[in-house]
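The form predicted on its own is given below as one chain in structure tokens.
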Amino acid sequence: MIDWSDVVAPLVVAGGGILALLLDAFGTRRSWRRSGIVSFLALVAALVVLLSPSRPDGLQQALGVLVVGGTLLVVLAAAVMEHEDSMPPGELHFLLLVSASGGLSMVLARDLATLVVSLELLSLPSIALVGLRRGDVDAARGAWTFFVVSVVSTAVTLLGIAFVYGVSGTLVYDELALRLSASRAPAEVVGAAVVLTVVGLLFKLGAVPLHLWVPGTYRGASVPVAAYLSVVSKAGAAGALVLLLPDAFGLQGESWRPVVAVAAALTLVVGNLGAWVQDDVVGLLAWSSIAQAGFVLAPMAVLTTPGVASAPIRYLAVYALANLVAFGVVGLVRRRWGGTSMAHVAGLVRVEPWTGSALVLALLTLAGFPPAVIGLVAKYVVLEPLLDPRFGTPYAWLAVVVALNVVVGLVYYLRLVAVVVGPVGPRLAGSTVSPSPPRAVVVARTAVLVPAAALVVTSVQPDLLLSWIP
């Protein structure tokens, strides 16, 4: 029996994308404004559905709001792409919203069949969003890498799901845990089935060793699309893992816990080391997003404990706000001054005080450094379950890795902050390369300043965010 309360929001989002495409295709002229308004209204309607009192599961509601809200801000940020050499507006908004409907379905799914279909619905339009950017070799290369890794990881996941169904006879989350435990299949087979199933979600999260698609794909994509991949795609994957691991595989924790813990540690180390050597802001944010995926993954190693499920989602919410601000500012810089290197943001606070200050706030939040208190609180939220005395010391080593990587991350985040607040570089002192229409700039700046304001408010009162996520 279909639970229509779970189906309505994804259908509204996908329907908005289809309508934006049709209006663009059959209208008298292609209009970014018309497509953007349709997408905006569809996403607002989906938010209303998700926030309605009929939604009983608070965790799924929070995850859905992250997916839809993140997409909404990306749609606003994409306004600055008007008249840019990119795909037509109808195609852009269609692919964004259809992909978002896949991410939303992932976090609302309660069986593995829906999960894998939703995973592909999230992935395939995302690949197209990167590859259809016209006249860019990096875009084609990034999309191809994205596609190959996606196909391989999905194949592995399908193999795991086939094993899971073979030994349990069901794909429904609520039935899997007991049926897998009662299965007569060897424990090794059950463990392998569970681990293989998790692999595809680790790919979407950008976790090591399935991370190599991230830097090239982010560089090849337009900045708003890179923001979408860094936030909405991760929210879908993390949300699916948070629901899947304790509900479906909770009694098989001995098989997947070590895998998740090791993946979290490697993702933190590799992501931070990669970010350390970047001289391009998008490249730095790409490797940083890999490291941030490690912070999201770390508390999942103890996910079967009551109350721990909220830890990765709380961290993900803070990360999403900060990353949307950072990518939004970089998109404005790229559009106005034609690049995303460190030189293109040198002295940004002096040239554009509001957007420059928003970028500084986002970087301090990602670093967990005051005055961005909410970033520091988010780091504590990740560490707390790993040091829970109920576990003794099995995951104390992971807590040490997390703490050390917080320090490592400070180096490159504060280095970039120093560039942004330092003297004005020659790039920003020069003339504007690609001026955008005033209306587009206002909309794109709104997409930056709204989440930046949320970071300020939650830094003053962290409970506003932490109490919202159960």
Partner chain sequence: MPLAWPLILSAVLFGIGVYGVLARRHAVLVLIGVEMMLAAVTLDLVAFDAWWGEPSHSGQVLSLFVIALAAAEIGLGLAIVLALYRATGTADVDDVPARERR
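Keep in mind it's a predicted model, so treat the numbers as computed, not measured. Numbering follows the first chain given and starts at 1.
One more form of this protein exists, namely the form predicted together with its partner chain; it is left out here, but the text below deals with it.
Checklist entry - If we take heavy atoms and a 4.5 Å cut-off, which stretch out of 71 to 79, 207 to 215, 252 to 260, 294 to 302 is in contact with its partner chain in the predicted bound form? => result Comparing against its partner chain in the predicted bound form, the contact stretch is 207 to 215.
Checklist entry - Just one of Val199, Ala265, Ile161, Ile313 has a heavy atom within 4.5 angstroms of its partner chain in the predicted bound form, so which one? => result Only one listed residue qualifies here, and that residue is Ile161.
Checklist entry - Which one, Val269, Val351, Val167, Met342, lies within 4.5 Å of its partner chain in the predicted bound form by heavy atoms? => result Looking at Val269, Val351, Val167, Met342 one by one, just Val167 meets the 4.5 Å heavy-atom criterion.
Checklist entry - Each of Leu363, Leu366 and Ala454 near its partner chain in the predicted bound form, meaning some heavy atom within 4.5 Å? => result So, no: the whole triplet misses its partner chain.
Next on the checklist: When the contact criterion is heavy atoms within 4.5 Å, does Ala143 count as touching its partner chain in the predicted bound form?
Outcome noted: Contact check for Ala143: yes, within 4.5 Å of its partner chain in the predicted bound form.
Checklist entry - If you check in the predicted bound form, is Glu120 within 4.5 Å of its partner chain, heavy atoms only? => result Yes - in the predicted bound form, heavy atoms of Glu120 and its partner chain come within 4.5 Å of each other.
Next on the checklist: Does any part of Leu273 reach within 4.5 Å of its partner chain in the predicted bound form? Heavy atoms only, please.
Outcome noted: No, no contact at 4.5 Å.
Next on the checklist: Is it the case that Ala346, even though its partner is missing from this view, gets within 4.5 Å of its partner chain in the predicted bound form, heavy atoms only?
Outcome noted: Residue-level check for Ala346: no, no contact with its partner chain.
Item to check | Those residues of 118 to 133 which, in the predicted bound form, come within 4.5 Å of its partner chain by heavy atom | outcome: Contacts from 118 to 133: Glu120, Leu124, Ile127, Ala128.
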